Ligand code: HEC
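In structure tokens, one chain follows: the form predicted on its own.
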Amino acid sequence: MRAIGYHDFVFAFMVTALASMPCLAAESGEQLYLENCAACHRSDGKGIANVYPALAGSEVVLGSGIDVALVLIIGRGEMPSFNGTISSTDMASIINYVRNAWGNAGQPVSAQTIESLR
């Protein structure tokens, strides 16, 4: 087993610091949203009328954060469950992006909260 050295410590510190920066989390959440959600809910969050619901102004999105997390974990209607394909950290990034994009204003949801719901 190798001893942890100074460079290991610095690397771990930098990764932790960068991951906690809001601008990086927002970009990550936006990118994850575009890769996993935008095909149905559109890049502008307006969805497709009578097919895929809008996320902009959505009561589910603007609620406590638990409801939207459960939708990602369990799925709903035509939307599949992302439980086995997206990590709790990535789910939190997507949720926090959606809860604060397109005029939405929601409190952050943590990866720990999502993990507790799984």
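All figures in this text were calculated on a predicted structure; none of them were measured in a lab. Residue indices: 1-based, along the sequence shown.
Just so you know, the form predicted together with the ligand exists too; it's not on screen, but the next bit is about it.
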Q.
For the three residues 36, 71 and 80, which mark the spot I'm curious about, does each lie within 4.5 Å of the ligand in the predicted complex through at least one heavy atom?
A. yes
Q) Does at least one non-hydrogen atom of residue 92 fall within 4.5 angstroms of the ligand in the predicted complex? A) no
Q) Does any heavy atom of residue 66 come within 4.5 Å of a heavy atom of the ligand in the predicted complex? A) no
(Q) At 4.5 Å between heavy atoms, is residue 53 in contact with the ligand in the predicted complex? (A) yes
**Q.** Residue contact check: residue 58 to the ligand in the predicted complex, 4.5 Å heavy atom
**A.** yes
